[in-house]
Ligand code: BGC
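As structure tokens, one chain now follows by itself in the form predicted on its own.
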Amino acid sequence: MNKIMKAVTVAASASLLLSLGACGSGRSATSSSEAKDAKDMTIGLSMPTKSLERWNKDGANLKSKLEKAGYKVILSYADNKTSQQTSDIENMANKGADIIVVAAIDGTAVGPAVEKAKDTGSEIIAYDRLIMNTEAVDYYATFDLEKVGALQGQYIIDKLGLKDGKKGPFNIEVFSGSPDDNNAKLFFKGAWDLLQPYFKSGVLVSPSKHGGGVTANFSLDKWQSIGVQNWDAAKAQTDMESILDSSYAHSEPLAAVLTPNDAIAVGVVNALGTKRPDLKAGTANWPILTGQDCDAPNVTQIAQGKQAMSVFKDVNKLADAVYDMVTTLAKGEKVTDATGKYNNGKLDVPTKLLTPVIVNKDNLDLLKTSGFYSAADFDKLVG
């Protein structure tokens, strides 16, 4: 943006320019003084991987909505490789993307790429995962992240009857998500804030030395030590098999496993099947397993009694929220319904927060009635 234009607009739009970023490379970013038709806009969608079912849903849902409205859409999946995601974002910017929506693999590693995109005039929306330690992010759309973990932790507390005075002690194993995913820290915090008091009272204990041992004094800053890289089911299975071999090889009871997402829950279920065939799903000796995302295999696991619950984050609603952001920005307007804020280390990012809900065997058909799964697909999953 040249000096003359700055002189003309600075009084009226200084605060907006701070939030939307600078223009460069001969192309102007969308601003309050510049509206565009959908057909004249390109939207980039950078998703982390196709290996998790939820990202396929997210990418497809948002692409479909935007294309129906007339936008040109560039959708990429980075195969869980930060270098690939960096390249994808830079390519979108070079192709003239007006807005780039990023679901980051690593919220910190992606920073330089979005900064380059901002320099070319792109606006940046962080999708479900916050982009860290950069001012080059305009808006963030996500579910209430600590609430997700709190729902998981509270479910374990309720099912074990801890608030009703049950003293146990109950054996529990604890996992967190991918160490490079900032969301995983917030999921864990939501659960640990509720569970730690029961560790301190001795009602909950973790016999294994997983991650150096989860004890009453386990602190939030150690969450990565119990993480599962890339939320990988096979890695979770290997870790859980090691836990079972070391601490549950003689028919010791296992009351619960805090599994922060559905892929990790699949790995834990597989490990239980391999190492503890004496434990029977759907009976009192089967541990309570948590999750999130309501992936297809996990819908089946819930129906079979292998997984107690999953946190339902309706990605259709998340796509709707981001779609609304895009169309608002296309009109040259500020997003006004991003009323929450998350600090990314550099600034408080305006955030649209959605509410997650619990799905278990009792209300599993919510996944059908909400349209998350078609009736035919749902019926196949639940058998």
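Since this is a predicted model, take the numbers as computed values, not measurements. Quick note: we count residues from 1 along the sequence shown, nothing fancier.
The same protein also has a form predicted in complex with beta-D-glucopyranose, omitted here; what follows describes it.
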item	value
In the model of the complex, K57 touching beta-D-glucopyranose (heavy atom, 4.5 Å)	no
Contact of A319 with beta-D-glucopyranose in the model of the complex (heavy atom, 4.5 Å)	no
is_contact(K185, beta-D-glucopyranose) in the model of the complex, heavy atom dist at most 4.5 Å	no
Contact label in the model of the complex: T259 to beta-D-glucopyranose, heavy atom within 4.5 Å	no
Option touching beta-D-glucopyranose, based on a heavy atom within 4.5 Å in the model of the complex, out of D239, D293, D88, D106	D293
D138, D181, E173, D98 - the one with a heavy atom within 4.5 Å of beta-D-glucopyranose in the model of the complex	D181
Candidate stretches 249-257, 280-288, 298-306, 128-136, one within 4.5 Å of beta-D-glucopyranose in the model of the complex by heavy atom	128-136
Joint contact, L52, W231 and K313 to beta-D-glucopyranose in the model of the complex, by non-hydrogen atom at 4.5 Å	yes
Residues of 77-97 having any heavy atom within 4.5 Å of beta-D-glucopyranose in the model of the complex, listed in sequence order	none
